[in-house]
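What follows is a single chain, given as C-alpha cells, in the form predicted alone.
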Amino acid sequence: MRVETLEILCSPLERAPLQLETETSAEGEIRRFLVNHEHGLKFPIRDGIPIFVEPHQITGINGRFRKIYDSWAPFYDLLSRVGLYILGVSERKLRKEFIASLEIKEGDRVLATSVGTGADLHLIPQTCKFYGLDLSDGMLRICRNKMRKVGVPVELFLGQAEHLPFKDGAFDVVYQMGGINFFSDQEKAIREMVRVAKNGSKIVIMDETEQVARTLENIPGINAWFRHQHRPIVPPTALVPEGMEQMESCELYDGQAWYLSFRKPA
C-alpha cells in the first residue's frame, strides 16, 4: 500500500484515521491490518485488499446483489459483452466514450466506486492514481488478476459506496459506471461521492435504463440482476445534493443508458 493511500484512508463510519499494523500468528503467518486504537477499529487486509465490510454485514438490496456478483464474477465480463451485443451496443465504444467524459488529467487521483472486474483499467491513463472499491469479493479478485496483466497501478478495497473509507476531498475524479440501480441507498452513495471529491471535481454516474432492464430480465444468466427489480429505474437527478454545478442528465445509445454528471463547486 502506498504511503499516500494510507494518508487518505479513514474508517467508513467513524471517519477516523487509520494506520497500518502487522501481526504474526502462532503459525507464523504474517497478517496486516488497518487500525485505529482510539476507536477500537481493526480492518484486515486480505490478498492485498483492505476489507472494510464483511459479507455478513452487507444487508438489504446490497446483500442480495453481492451474492449475485460473487457467483457470476468469473463469467461477468462475458455476460456484459453478450448483454451489450444483444442491445446492439459496442462495449469498447461505450467504455472509451465514458472514460473520455471523465476528463482525467495526468496525475489525477481517480476513484471508481464500483470497480467490478476492472473492465475500464486498460483505458485509464497510467499517469493517474487509480482506486477501485466494490462490495463483491469475487469481482475484486478478477479485477486484481486483470490489473496485474494490464500493468495499471490500482489500489482495491472491499466496501460499500454508501460508506466510503476515504477522507473528505481526496479525489480529482469520482465515477460510478453501472450497478447504482441496485444500491440499497442511492442518495447516500451519491452524497459520499461528493464528500470524497475535491472542490471543482467532476462526478459521473451511468447505468442502464428501465428499457434495458425489461429487455434483459428474460435472458438466462443476465436476468439474475433484473428479475426481482421492483424499484423503477430512473436517473437519480433528484438525489444530487443542492449546489452542484454543470449538471447534465441525458440518455445515450438510443435510450439504453442514462448518464448523469455534475461538478462539485470549487
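Sequential numbering from 1, following the sequence displayed. Please read all numbers here as calculations on a predicted model, not as lab measurements.
Same protein, other form: the form predicted in complex with a small molecule, not shown, and the subject of what follows.
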Item to check | 4.5 angstroms heavy atom contact with the small molecule in the predicted complex for Val196 | outcome: no
Checklist entry - So in the predicted complex, does any heavy atom of Met177 sit within 4.5 Å of the small molecule? => result yes
Next on the checklist: Considering non-hydrogen atoms and a 4.5 Å limit, does the small molecule approach Val154 in the predicted complex?
Outcome noted: no
Item to check | Contact label in the predicted complex: Thr209 to the small molecule, heavy atom within 4.5 Å | outcome: no
Checklist outcome for this item: In this chain shown alone, the residue from Leu102, Ala119, Val110, Val89 with a heavy atom within 4.5 Å of the small molecule in the predicted complex is Ala119
Next on the checklist: Looking at 31-39, 234-242, 62-70, 197-205, which stretch has residues with any non-hydrogen atom within 4.5 Å of the small molecule in the predicted complex?
Outcome noted: 62-70
